[in-house]
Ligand SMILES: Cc1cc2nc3c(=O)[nH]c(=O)nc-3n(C[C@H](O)[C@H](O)[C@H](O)COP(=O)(O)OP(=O)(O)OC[C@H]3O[C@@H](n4cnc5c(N)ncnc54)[C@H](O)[C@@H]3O)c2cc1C
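A lone chain, given as structure tokens: the form predicted alone.
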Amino acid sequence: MAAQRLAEAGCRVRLFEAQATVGRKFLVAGHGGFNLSNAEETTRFAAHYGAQEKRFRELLAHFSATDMRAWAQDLGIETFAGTSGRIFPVVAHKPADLLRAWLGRLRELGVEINTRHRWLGFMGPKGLRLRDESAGPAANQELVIEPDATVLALGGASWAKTGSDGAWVPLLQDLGVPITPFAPANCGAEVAWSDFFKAKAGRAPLKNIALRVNDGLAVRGEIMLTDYGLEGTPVYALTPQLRVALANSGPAVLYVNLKPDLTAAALLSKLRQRRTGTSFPDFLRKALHLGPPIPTLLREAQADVATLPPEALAALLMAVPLSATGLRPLDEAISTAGGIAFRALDEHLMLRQRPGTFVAGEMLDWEAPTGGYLLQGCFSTGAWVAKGIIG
């Protein structure tokens, strides 16, 4: 995005990519449904960036979800907003279609794209050391370029196979740039299931639930039981709270409300209708439409669940406790928290320690949930640094 904005302003732009092809992380982002952005109004949108909410209000005002849709349409990719507010390309378009059109536009604008060129660090006040790997390992050669301005967009540290491996961290630390250590974001939570549960329940979805961490706010949606714990949008949204709880060695309990649309009184009324002789699984299925693996999950949380009185069972159904023992590894995470601290940057996202060098995307210390906020954040920072360079 920075390259496109700069080229449109008449700048000569050279783009250097370490991988064999451009946009691998972008393509990975579209594997589970190509969610470009979200139709929320700006104030609510910016709130999803947590501690960086104020900064992202400014970034989103410069390049918003509306701007994102207009940009895609200009490339020939129509979009629509789903019932959840998430913005997607129309069904006929895949991530590769958008990327292909985008790279075509960059070439039309005169952007020179160099793949298999790895950044090795700085040289002098403006120089960049690069290794040209395009001719194979035996022909690797180093070169130095001295651009008027540099934009670093080297990613975070998840999905290393896409090139987003965090290998740039020592190069900036050598300059004295403060960097918050990377941590997994938007990832699964680990739960120490019993062997019986893993054998009996397996991989299964829990639909229309509400999930919270300890006494926090609940998030609605669908989660997936896995052999190592839980996955799904509500789990991802609660990653920051889980990370804090785990880091503080305090309780990190995920509470699952299996019937969030029922009041406590309505749920208790249904539970009191159980007849003698009805098996526990049959009763849950007929009275509450809770089939497998719910009975097994409840037994995992409380062994004597089948004999609980209605009041105790109602309380359990509205808050099934699952102790999180950890988060999934960093490289499995959809995104990362941590990165270059904003105090290292001026208002244009230029490094204070190295004037003329700007930073965009997941290199920066921000995080957001899935739902269109991640890609929008990256695009908005790219557009913002281009504005800063153009002046």
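Computed from a predicted model, the values in this text were never measured in an experiment. Heads up: residue numbers just count along the shown sequence, starting at 1.
Note that the form predicted together with the named molecule isn't included here; everything after this is about it.
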Considering the named molecule in the predicted complex, find the one stretch among 200 to 208, 153 to 161, 317 to 325, 281 to 289 with heavy atoms no farther than 4.5 Å from it.
153 to 161
Answer key, the named molecule contact in the predicted complex at 4.5 Å (heavy atoms) among 355, 33, 50, 329: the residue is 33
Residue 382, heavy atom within 4.5 angstroms of the named molecule in the predicted complex
no
Under a 4.5 Å heavy atom criterion, is residue 334 part of the interface with the named molecule in the predicted complex?
yes
For residue 13, is any heavy atom within 4.5 Å of the named molecule in the predicted complex, or not?
no
How about residue 339: is it within 4.5 Å of the named molecule in the predicted complex, going by heavy atoms?
no
With the partner left out here, which residues of 206 to 239 have a non-hydrogen atom within 4.5 Å of the named molecule in the predicted complex?
none
